[in-house]
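Given as structure tokens, the chain that follows is alone and in the form predicted on its own.
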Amino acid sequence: MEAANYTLLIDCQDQIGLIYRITNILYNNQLNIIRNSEFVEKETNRFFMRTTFYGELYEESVMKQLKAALPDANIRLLSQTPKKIVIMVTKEHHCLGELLVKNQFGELNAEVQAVIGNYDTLRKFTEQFGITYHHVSHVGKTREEHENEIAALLQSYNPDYVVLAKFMRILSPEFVAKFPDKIINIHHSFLPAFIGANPYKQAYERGVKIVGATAHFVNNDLDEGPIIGQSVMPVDHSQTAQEMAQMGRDVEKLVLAHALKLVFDECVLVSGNKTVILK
């Protein structure tokens, strides 16, 4: 067995001596800790820990020891390998372009397996990067038929994550349930404000002073899944709704790429409808 880098993620009820118990197991297995981050959520008395370490790992043995020491904990032991992802799009290119460029230069800690679009608009752009593009049209199909076709395609790739890079169709609870905690979306506003269609028109009419974007996990509530990352950009009364939209697109692509990097690097732990980010 060769030595390699690993990430250990733990969340459980807080109690005295947790860090000692966890790190002592790693020490006894001759595993070298590179970095350790912890957080305690006071409201729920919940302890979160992310540890990166290096060494020759006998996973079954180490997991058995961790579970014995922390019987009620959620424990994930992960190798630091690139994630497999499939991107879903409609017509807008800005988020897709950002991800394909980063994928091309190995900056995402991920491998883009394919892109799925409900229009054929972005096929040529995608294929320039050597990525397979699947056109799965929604025209003339019920939502269930369309989603079943996409789900079958996704399942053939078995991705670690599905990225909605401006996929402008609402997914049903049945579809989301097939990929639990695997779907990540970029929303074109600073949630929870301006949910739904035409957010920049809403923002312009309200006279906002910032535009923003939110990357979040997808659950059964529209645009209300656990938030991974957010950012804003200042605007003022002199800018049109169209100018605000362009500025918003610039924020969207950066927020999505940053959020995905956090997820792919195993820095994100979900706590109810919130996330804890440990680096």
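Each residue number is its position in the shown sequence, starting from 1. Since the model is a prediction, treat every value here as computed from it, not as a measurement. Think of the rigid core as the biggest set of C-alphas that the two forms share within 1.5 Å after superposition.
Keep in mind that the form predicted together with another copy of the chain is missing from the display, and what follows is about it.
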Which one, Y204, Y133, Y157, Y161, lies within 4.5 Å of another copy of the chain in the predicted complex by heavy atoms?
Y204
Would all three of I19, K253 and L278 be in contact with another copy of the chain in the predicted complex, where contact means some heavy atom lies within 4.5 Å?
yes
Indicate whether another copy of the chain has at least one heavy atom within 4.5 Å of a heavy atom of Q80 in the predicted complex.
no
Does K209 reach another copy of the chain in the predicted complex if we count a contact as any heavy atom within 4.5 Å?
yes
So, L66 and another copy of the chain: in the predicted complex, are they within 4.5 Å at any heavy atom pair?
no
Answer for D14 alone: is it within 4.5 Å of another copy of the chain in the predicted complex, judged on heavy atom distances?
yes
Only one of 97-105, 178-186, 69-77, 82-90 sits within 4.5 Å of another copy of the chain in the predicted complex by heavy atom distance, namely 97-105
Rigid core fitted, then: does Q239 show a CA shift of 2 angstroms or greater between the shown form and the other one?
yes
